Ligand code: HEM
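In the form predicted alone, a lone chain appears below as structure tokens.
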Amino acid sequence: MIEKKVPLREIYVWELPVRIFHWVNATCIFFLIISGLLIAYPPAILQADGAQQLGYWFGYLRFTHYTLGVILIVNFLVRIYWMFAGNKFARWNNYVPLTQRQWRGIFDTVKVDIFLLSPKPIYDIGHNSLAATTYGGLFIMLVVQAITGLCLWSPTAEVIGAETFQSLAFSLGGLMVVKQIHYYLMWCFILFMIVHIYLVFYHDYIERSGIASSIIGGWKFIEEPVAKEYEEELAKQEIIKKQKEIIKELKKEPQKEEKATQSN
């Protein structure tokens, strides 16, 4: 745990689009799970003889489920765009362990979070490597859940592309198989939410970096050495960027001279 005497630096980590994605995503998934469970297991009272008094409740429930699913898909497409347009912490390469440093971070975090072999937390400004890789797996789950959901919707949907998803459903083994995949993935999302909430508060307690509040305001409190290392890395990247721009301009000079000669 960080002692209060340790100097901390406030760094803006999560940009507004990332924070909006997180809360829209969390809200949609939560109510999709609730509506999905009601669709899979309708309450007994709603199956009784007096159920008709409630009106077209199941139709509204299905409509709500489909609407939330569409919002989730659109929200995820925006997040994919921001993986390329956002800052360093939002980029796609955070979620795929491509470097030795990322793999080392995964193993170190497992030792702290799961096996409790070290009392010293792993400090990262953005997501730690284990969390980022887990979110990468979550994104894949979102894609599969969206596709299977569209396949289940396609028989009753009168929209462009519905036939494509109908064909896909039959190629996967039929609607029952697709339904089972969709159902079991729902439980994977439930498990993820439980673990995710626990780890957020666990890291907020041991690190004292404001990880829980950062997804609301965007700022985290980072140890001075880690913040200084981050700033030095940014400075190096800026130098490399300027050098590339200079080289690009130097390559254009002969072309400009050649055009000027031809015009004369």
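For every residue, the number given is its place in the sequence shown, counted from 1. Just so it is clear, the structure is predicted and the values come from calculations on it, not from any experiment.
Form predicted together with the named molecule: not shown, discussed below.
Each of 18, 196 and 214 places at least one heavy atom within 4.5 Å of the named molecule in the predicted complex. In the predicted complex, the named molecule sits within 4.5 Å of a heavy atom belonging to residue 138.
Although the partner is absent here, residue 131 lies within 4.5 Å of the named molecule in the predicted complex, judged by heavy atoms. Within this chain, residue 222 is remote from the site of the named molecule in the predicted complex, having no heavy atom within 4.5 Å. At least one heavy atom of residue 79 is located within 4.5 Å of the named molecule in the predicted complex. Only one segment in the set 230-238, 22-30, 35-43, 56-64 has any non-hydrogen atom within 4.5 angstroms of the named molecule in the predicted complex, and it is 22-30.
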